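The form predicted alone is given below as one chain in structure tokens.
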């Protein structure tokens, strides 16, 4: 049993050492993914073929070490052979990324598994793991931005105030302007104007639920950025503006809650991807 434990521990340490880690260098540049990747994702393909292929590679690579730790060498060798197959398949799927693949290192890794020597297997796994890590460092963010985050530019929303359909970017600019109408007027002591502006701003803000629900299709959408905390903040702002003598401290506290729970959390989640997409779209327009 002690020997099995040591082998399992060795396998775990090797796996942790060679598996690609999403370190992402500070100088990383989000380049657009190659066009050949389009056919491996919706809408061109009904399935996310590239993701499936990555799971195959990762599953077989990791499977070697799981079985090695259990001294199930027969299955370890099977995983090694299938790893080489899936590794080659991935290289053929995206020709532009051929330089990320080291087929000789992959083949050598599978051969070393047959020796059943943990040290030799770990040493052979290192170069293969580095190829995966290099590709992830260079391409992971770009692929997620292109294929896993829908472009906000394709989203349209009906303005509940003017009843006009607007692109999402235009709508957000309108929303920002409405917010400033509330805060600027309140800061100037123009409480009647602030109250009027708040009515339109609240309608436009709460209408964002219709945008969230395009991706978040369940009832949980109410728990996101246009949820109970935001509704309570609006109630608090309205209460102050309906008061004979609004309390600035309370009013700005509710503004802060709305800004953090609604605006900031949404931007932290979505804005960076949207910025990258916008840059790519501008470059595409410039090339036309």
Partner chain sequence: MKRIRILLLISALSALLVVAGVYFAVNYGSRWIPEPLVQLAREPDLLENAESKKCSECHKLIFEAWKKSRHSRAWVSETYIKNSEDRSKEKCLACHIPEMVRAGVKPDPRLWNRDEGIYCVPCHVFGDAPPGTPPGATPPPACAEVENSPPCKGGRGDSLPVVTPASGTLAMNGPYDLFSPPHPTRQNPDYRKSKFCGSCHQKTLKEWEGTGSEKTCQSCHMPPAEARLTQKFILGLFHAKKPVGDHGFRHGEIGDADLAMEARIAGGAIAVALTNQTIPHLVPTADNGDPRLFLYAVLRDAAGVELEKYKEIIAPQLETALPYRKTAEYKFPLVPSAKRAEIFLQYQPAWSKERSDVRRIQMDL
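Positions refer to the first chain, counted from 1. Everything numeric in this text was worked out from a predicted model, so none of it was measured.
Not on display, but discussed next: the form predicted together with the partner chain.
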Just one of 134-142, 71-79, 176-184, 97-105 has residues with a heavy atom within 4.5 Å of the partner chain in the model of the complex, so point it out.
71-79
By the heavy atom within 4.5 Å rule, which residue out of 127, 169, 150, 199 makes contact with the partner chain in the model of the complex?
150
Give me the residue from 193, 116, 88, 209 that has a heavy atom within 4.5 Å of the partner chain in the model of the complex.
209
Any of the heavy atoms of residue 56 lying within 4.5 Å of the partner chain in the model of the complex?
yes
So, residue 67 and the partner chain: in the model of the complex, are they within 4.5 Å at any heavy atom pair?
yes
Quick check on residue 93: any heavy atom within 4.5 Å of the partner chain in the model of the complex?
no
Does residue 248 make contact with the partner chain in the model of the complex, using a 4.5 Å heavy atom cut-off?
no
Suppose contact means any heavy atom within 4.5 Å; which members of 34-67 contact the partner chain in the model of the complex?
42, 43, 44, 45, 46, 48, 55, 56, 59, 60, 67
